[in-house]
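The form predicted alone is given below as one chain in structure tokens.
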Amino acid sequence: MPENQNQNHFDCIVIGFGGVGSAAMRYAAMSGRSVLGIDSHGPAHTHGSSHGQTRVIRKAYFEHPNYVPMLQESYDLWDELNRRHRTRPETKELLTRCGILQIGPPEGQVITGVLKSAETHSLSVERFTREQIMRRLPILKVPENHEGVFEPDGGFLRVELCIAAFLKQAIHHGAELLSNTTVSQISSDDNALMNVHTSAGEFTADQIIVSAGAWANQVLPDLELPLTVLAKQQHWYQIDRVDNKLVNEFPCTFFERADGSSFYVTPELDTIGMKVCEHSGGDEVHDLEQFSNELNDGQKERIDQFLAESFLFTKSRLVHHSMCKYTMTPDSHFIVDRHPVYQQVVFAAGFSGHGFKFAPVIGKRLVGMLDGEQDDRFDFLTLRRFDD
């Protein structure tokens, strides 16, 4: 329960404190608001989308050039958070700029999209032929008629450390956390206060931020958000090579295949191995309560095939796996908007497997929306784009 057990009212309640929610809590608390964060599990849990050691970050965004200005601010905000987090040299940094190499057919979505974003926003990238890639990174096998674009400013975020840093800062500014608590309903009373009905009792707030991930439609059922939840397996492999390690300057890599599938790899950071995941595919989740973290043999087989076709090694061993929930919109873009009935409620959802890198800029934007701030960078992410 919150520390102020005799008082159940807060200026702002944040529902869900994963990546975006923990950032929103931090910025709301920094604004001087009294803040309560509610989560059905707890900080950096393994049941949602914000876990798994690392998340790739990049600026030359193939998904849409409109994301780039948001990413440029996001980088600044990550750096600012990192300065507050990394008070000792031995503390691991939140953002590591090891570069990212994106590989695919020259006419594919990834290569054309990266180059378009880089040109539109004057970003530094370098193109490589198949032969140049394999000379520089002999561990890789690049298909014929594929090329690569390297972005030196790309890298990865340490996802659990990032959430912990946001929450530490939020608590430092007076925010309170309520873990292992489910939200059954939000409603409004005659005084325009918002009521939040939970398994731990009822709370009231002047404003609400909903960042509930895969549970967004359970918290906001009236909106009927166009979301599909997919189960995506994360894998960590040890292989009999040393040039896939971060200490040997191996970059993050993203592969678009000729069949339209896509995979990403982050370098080996420690003994857990190299992280290998499929960005495409996934199995639809119909019941969040029956979600299984057991090894999915079908998804592992696709990863094994990808590794065999894309990396040179003799032996490999799966060391660890976990399941991640991708919450998808029909167009794979986010939803960041205000509730059409309750103007004091804002929400963010549908991060479609690429949202964590935006956590600070979206968290800050949600708080800004509550303050009435306008930001046309987010106009393409409103819910009304799905109105027909």
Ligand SMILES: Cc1cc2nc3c(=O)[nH]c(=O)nc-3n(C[C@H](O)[C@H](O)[C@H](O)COP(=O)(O)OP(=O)(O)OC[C@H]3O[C@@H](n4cnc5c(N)ncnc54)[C@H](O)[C@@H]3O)c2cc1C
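None of the values given here were measured: they were computed from a predicted structure. The first residue of the sequence shown is number 1, and the count goes up from there.
One more form of this protein, predicted together with the named molecule, exists but is not displayed; see below.
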Problem - Residue contact check: Gly353 to the named molecule in the predicted complex, 4.5 Å heavy atom - result: yes
Handout entry: the named molecule contact at Tyr326 in the predicted complex, heavy atom, 4.5 Å
Key = yes
Exercise for the section: Give a yes/no on whether Thr182 approaches the named molecule to within 4.5 Å in the predicted complex, heavy atoms considered. Expected result: yes
Practice task
Examine Thr204 and determine whether its closest non-hydrogen atom to the named molecule in the predicted complex is within 4.5 angstroms.
Solution key: no
Fill in the blank from the handout: The stretch from 115 to 123, 139 to 147, 232 to 240, 308 to 316 that lies within 4.5 Å of the named molecule in the predicted complex, judged by heavy atoms, is 232 to 240
Practice task
Could you tell me which one of Ala212, Ile186, Met274, Leu167 places a heavy atom within 4.5 Å of the named molecule in the predicted complex?
Solution key: Ala212
Fill in the blank from the handout: Among Val361, Val336, Ala29, Val56, just one has a heavy atom within 4.5 Å of the named molecule in the predicted complex, namely Val56
Handout entry: Any residue of 34 to 54 that, in the predicted complex, places a heavy atom within 4.5 Å of the named molecule
Key = Ile38, Asp39, Ser40, His41, His45, Gly48, Ser49, Ser50
